[in-house]
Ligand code: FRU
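A single chain comes next, written as structure tokens; it is the form predicted alone.
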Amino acid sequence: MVVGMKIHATPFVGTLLLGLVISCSVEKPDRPMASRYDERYRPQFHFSPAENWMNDPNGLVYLAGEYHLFYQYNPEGTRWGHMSWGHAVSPDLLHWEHLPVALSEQPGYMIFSGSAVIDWNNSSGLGTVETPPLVAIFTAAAEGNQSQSIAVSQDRGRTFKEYPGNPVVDLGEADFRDPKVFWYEPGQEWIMVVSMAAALKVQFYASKDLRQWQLLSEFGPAGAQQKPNWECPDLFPVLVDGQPGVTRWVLKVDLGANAIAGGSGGEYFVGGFDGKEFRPDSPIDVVHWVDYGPDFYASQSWSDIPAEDGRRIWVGWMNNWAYAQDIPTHPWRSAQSIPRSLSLKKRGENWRLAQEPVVELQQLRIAEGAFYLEGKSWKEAAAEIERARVAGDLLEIRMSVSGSPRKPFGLSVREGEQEETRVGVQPEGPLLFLDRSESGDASFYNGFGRRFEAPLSGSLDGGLDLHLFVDSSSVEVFADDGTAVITAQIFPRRESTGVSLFGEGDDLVVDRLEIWKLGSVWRETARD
């Protein structure tokens, strides 16, 4: 079935046709940033807009040495509305250059989430083989109807023009959104996975030219129960750990409420995709959570990362719909998570998604003042940290422990007067936990200050590695080879920078502990 009746077979040449071709770039000149990037709670190595509201990452694509980050953006204020695509580029996933708004809200519809691809063979006819077009696929969200449209850039994403035959897929549905498009090499065609949000399904479409789409199949309802919607899907092959060249497919979909940590969150399925249908390896009612913390949503992976790199990398919106519009930040709201490299690791008879901070983050380590120890008892390690007065608001911490602990133990970060965030392990379970009940300002939402838990596989007798990233207003924790992840915002006072160990740590050895202070990625600004 061909869906979307407004389809033109002629190539798009950028001329005005019935008012449907619009330049979506901002025409006014760039203005100076309204921020010095040193405000209270301002992230220093996570991406955040200079000002105003941001949510989902969109259109992640790599082209000509630049990682593109488009994102849901309100140019008019610090709360959700006037949805457009903001835009930034980076050579290394760390240092970002702000660019003008890429796709602006239009009369009659907002620009909701979507993806972007490089049409290398000009299959769409919207560019040339010599200058392959960058094509954005997005949801045009009108009152009572959401449809899928495309826009084209021939100048590396700096300006876009809408295709005159939009929408390219229109079912007349009110909750039909967030298209993720990729090239499926075996079938020599484009695949779109898109959400039927209210029906708790995703649909798969195929196209030879990005303009005419045919429905292939559906998946869902599946996974978590009691969810109000299902949105922001992504589908991609992931390398299997320890088996070079072997991949399985991961389908990720997000739910706006009732996730594992409360509020919004994401779930994933591992399985096979044959170009038409996705078939999960596990029963469809089995739930696998992407992140066990409250602040990782709408994740999307980058397209067109060079084959010689070989990584599948994604980033997620570091916020939660339960309180996103009320967090105590100004003149901006929201940040993106650190970029994470993905793989699949065996747990029992099943594959689990593993997330690892990208190696580029090591560039931010400051050698001066780094703390290191190895082969110490828990009490000895705690005493050395206290004696060295280890502290910092921007930190990377790696700790490897072994033994048979009987009581909870862990690290306390962003410590201050009556403030701390605890990251630890509960042997019963065992469980990884992050406790932000005393982390700082939680006045904006009644359920903000609480503890979050993630299951750990097996016992602790074989040892455990913890990997933490602490920024001005967030903590991200990776354990169990990246299969247990907790992401959480915190809002401590600036002077709360202490680090310590907690718990008795009986029969526990700190095999290795490394703590680095990290630099700011906003090199053109100075922090107070």
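Don't overthink the numbering: it's just position in the shown sequence, from 1. Quick caveat: nothing in here was measured; it's all calculated off a predicted structure.
There is another form of the same protein, the form predicted in complex with the named molecule; it is not shown, and what comes next is about it.
- Only one listed stretch (37-45, 50-58, 488-496, 463-471) carries heavy atoms within 4.5 Å of the named molecule in the model of the complex, and that stretch is 50-58.
- A heavy atom within 4.5 Å of the named molecule in the model of the complex is found for exactly one of 120, 372, 80, 445: 80.
- A heavy atom within 4.5 Å of the named molecule in the model of the complex is found for one listed residue only; from 150, 232, 338, 192, this is 232.
- Heavy atoms of residue 180 never reach within 4.5 Å of the named molecule in the model of the complex, leaving it off the interface.
- The closest heavy atom approach of residue 296 to the named molecule in the model of the complex falls outside 4.5 Å.
- The named molecule is not shown here, but in the model of the complex it comes within 4.5 Å of a heavy atom of residue 113.
- Under a 4.5 angstroms non-hydrogen atom cutoff, the named molecule in the model of the complex lacks residue 236 among its neighbouring residues.
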